[in-house]
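This document opens with one chain alone, in structure tokens, the form predicted on its own.
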């Protein structure tokens, strides 16, 4: 059998990033030992806050070019709280560079309660399994670095375009087509989350959502205001299948969803466009526990599984998720109430790799 080789860029990131990426590499080695027809040609590049402190930029233009020429990219969390621009915003984060530079307009964030993890809400594994699709290139975050301020006031602009909304909404419906439906009733549905009752920009988003929904009559389309969604994701998460929303709202609600399934250390994400994609955990770099072997590597390992999904290597991604589930169900791998793995980061990665 011929071997399929993929060019993949790895960026270790800041804080706990290098530890998480090391655990992901441990799993990757087990994957390539088992699935010999699939191989990564990995090229490591620096990027993030530490790199900014050294060079004055958070990502080298040559790295962005390498990413564009690769099949995909995986990165650890980046950014450090003390590395900031004069306007007070973080200088080490890469979202503004990668999401706009690669036009990865859909931030795809699965939220799933894993077996063996005790949820802080009343739910069992299988009860919480939905995907938040967050528009990634515009919305309120398009004002990054472009806001205006004086000593007495500051303003940021929320920009929503027809093109940006159409493509992210269509991506949400395409994801719903491939899923099994919501846990509570098995219905395939896409939920538009907005504040259309207050902001004309959000009413515009909703109107375009309704237009696109007509192309998918076999999938239920519904609406919910963002404040009501925050409650429903806690009280009735099984109702949801795929949710689509503006950038800022998606940032907040996906973290809320992560909290309901045991913490954002269990959540991965993909940033996907028509030509490029990169994958990362949804959480930050947690510098307070960096180097202490406390960080939960499951988010990064699930990120690796999403990368394999993107490459259509579904046997591999299924094996990775199965190994995580097996390690948790057996009790061999346990997550404490802080969302950290008992036995440490390295041990958790090794346990999952052994299950491959």
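Numbering follows the first chain given and starts at 1. Model, not experiment: these values are computed from the prediction.
Missing here is the form predicted together with a small molecule; even so, the following discussion is about that form.
- Query: Counting only heavy atoms and a 4.5 Å cutoff, which of 170-178, 214-222, 92-100, 194-202 contacts the small molecule in the predicted bound form?
  - Reply: Result for this chain: 92-100.
- Message: Contact with the small molecule in the predicted bound form for residue 141, defined as at least one heavy atom pair within 4.5 Å: yes or no?
- Response: Answer yes; at least one heavy atom of residue 141 falls within 4.5 Å of the small molecule in the predicted bound form.
- So in the predicted bound form, does residue 282 come within 4.5 Å of the small molecule, heavy atom to heavy atom? Yes.
- Message: Does any part of residue 251 reach within 4.5 Å of the small molecule in the predicted bound form? Heavy atoms only, please.
- Response: Yes, contact at 4.5 Å.
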